[in-house]
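Take a look at this one chain, the form predicted on its own, written out in structure tokens.
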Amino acid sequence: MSQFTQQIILGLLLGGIYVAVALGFSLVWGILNIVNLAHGALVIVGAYITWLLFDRLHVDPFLSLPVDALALFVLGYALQRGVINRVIRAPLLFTFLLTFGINLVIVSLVLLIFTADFRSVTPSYSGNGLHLGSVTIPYIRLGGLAVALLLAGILWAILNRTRIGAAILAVGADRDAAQLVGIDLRHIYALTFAIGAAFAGVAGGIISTSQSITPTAGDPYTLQSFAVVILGGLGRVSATVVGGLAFGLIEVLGQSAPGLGSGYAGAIAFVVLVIVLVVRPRGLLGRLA
């Protein structure tokens, strides 16, 4: 029983990482109708910023998360306003190709600057955990889950308690009507993408504390973000939280299934995703009308 409890806890903690990664992806997809294939690259940029601050200035990785957010916010705003906005109303294939190209450019630049060597962030408390009987909760993963839930709360507050959030939701609902009432679409587009990029940067900072990073390590996170959003349902912050936690649980429990190992965890998670799509095409929580 204690082993099963440990697996549940580890699954929820892993799910916290997926929540953090998918929040920005879900926002951009839901509001701008862009499936951002450069999302994983933005996550890795955030991870390298955390590593750089830790390696050169010995800044605690959790204290560097606001720097990740600010740097990626600026980068995201510039990318959307200067590049992506030019094809914002183009068919989905165009945005696919453009964001894929941006992904290649970012990965190549990071590779040029940092090389392909593995980097890791190992603060003094890395490897330590909270012991509750026979159950251990790693401090790093627990902190990551707390940050992920904090991000979800911040995003919910932005969208539901601020004028900017109201403008973002209005653009997502009907961009032409939003423009008619005086909303600056180009600014809101860029702001939405920038918030998504900022969240990706924070997620990268969290990831750097629990695994080694390389310039090409971001691609799986784009795919996992897509799966989390589909699993939970597009259009709600709560759906992304549920989807991320569920995806993490499925992966960890899949590793412990009889006859299976860690190599099958991802496959099991995506099989469950397909089943959810067949049974509930709008995800576990569905999308708001």
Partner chain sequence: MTVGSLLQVDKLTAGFGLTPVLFDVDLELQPGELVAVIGANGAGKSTLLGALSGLVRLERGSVHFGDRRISGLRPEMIVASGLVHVPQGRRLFSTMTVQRNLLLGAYRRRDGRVQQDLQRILQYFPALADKLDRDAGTLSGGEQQMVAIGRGLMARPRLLMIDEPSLGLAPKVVDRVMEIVKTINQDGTAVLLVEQDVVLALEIANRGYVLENGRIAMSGAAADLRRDPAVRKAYLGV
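The shown structure was predicted, so the numbers you read here are calculated from the model rather than taken from an experiment. Numbering follows the first chain given and starts at 1.
Beyond the structure shown, there is the form predicted together with the partner chain, which is absent from this document and is the topic of what follows.
- For the residues I207, A167, A194, A217, the 4.5 Å heavy atom test against the partner chain in the predicted complex is passed only by A167.
- In terms of contact with the partner chain in the predicted complex, the residue from I113, L132, L150, A177 that brings a heavy atom within 4.5 Å is A177.
- Among heavy atoms of A146, none comes within 4.5 Å of the partner chain in the predicted complex.
- The partner chain is not drawn, but in the predicted complex it has a heavy atom within 4.5 Å of I183.
- Contact annotation for V74: none of its heavy atoms lies within 4.5 Å of the partner chain in the predicted complex.
- In the predicted complex, no heavy atom of A190 sits within 4.5 Å of the partner chain.
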